[in-house]
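A lone chain, given as C-alpha cells: the form predicted alone.
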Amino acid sequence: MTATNGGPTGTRRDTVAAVVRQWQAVHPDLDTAPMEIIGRINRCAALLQQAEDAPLRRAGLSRPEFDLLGALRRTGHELTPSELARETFSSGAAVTKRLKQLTERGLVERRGDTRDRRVAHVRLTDAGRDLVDGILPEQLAYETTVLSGLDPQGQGELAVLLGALLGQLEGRLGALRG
C-alpha cells in the first residue's frame, strides 16, 4: 500500500504516521516518504534506549558503556582509547568519559604504553569480563523479545534493509570525513 505522495504507509497507526499525516496536510506538495523511514528508525532507537526493563539498565550500564566493554571482550585484547572510539563509533571525548566511569567501577583498567607515555592501553578486568559475559545472554533474550512482533522472515528482511542503509551511510560519511 502506498500513500498519495508515493511513500509507503503501514497498516498500524504509530506516532510517526500521525506526524507524517500532519506534514502532508501542511505541505501536500512535499514527498514525506523519507520521514516514514528515518522517523521510525529514530523513534525505535529512542524507545529502545528508554526501556526501563532492559538488562543493561538493570546492570547500571548505558548502551554506549556496554558497547565499549563489549568491544574489549569481543576483540579479546587491549585497545587504545582511539581504537575503542573506532570500534564503538564514538568520539574520543565520549570514550574518555566512559573509560573514567568504567575504571571507577572496576570494570576496566588502563595502563600506560612503555614506549609512548601519551598512549594508554585499556583492558577488561575480571569483573568487567564477568559482567559482559553475564549480561550478554540476558540482553540478547531481551532484544529477541523486543523483535518477537516480527516473524523470522520479517526480521531477516529488516536486517538486510537496515544493513544496506547502514553500509550506504557509512560509506557516504566516511567519504565526507576523508
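Note that this is a predicted model, so its numbers are computed, not measured. Start at 1 with the first residue shown and count on from there.
Below, we refer to the form predicted together with the DNA, which is not included among the displayed structures.
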> Among the candidate residues Met35, Val132, Leu56, Ala120, which is the single one with a non-hydrogen atom no more than 4.5 Å from the DNA in the model of the complex?
Replying inline: Ala120
> Heavy atoms within 4.5 Å of the DNA in the model of the complex: which of the stretches 41 to 49, 23 to 31, 110 to 118, 142 to 150 has them?
Replying inline: 110 to 118
>> in the model of the complex, does Pro64 come within 4.5 Å of the DNA, counting heavy atoms only?
In response: yes
> Any of the heavy atoms of Thr80 lying within 4.5 Å of the DNA in the model of the complex?
Replying inline: yes
> Even though the DNA is not shown here, does Lys97 get within 4.5 Å of it in the model of the complex, heavy atoms only?
Replying inline: yes
> According to a 4.5 angstroms non-hydrogen atom cut-off, is Thr75 in contact with the DNA in the model of the complex?
Replying inline: no
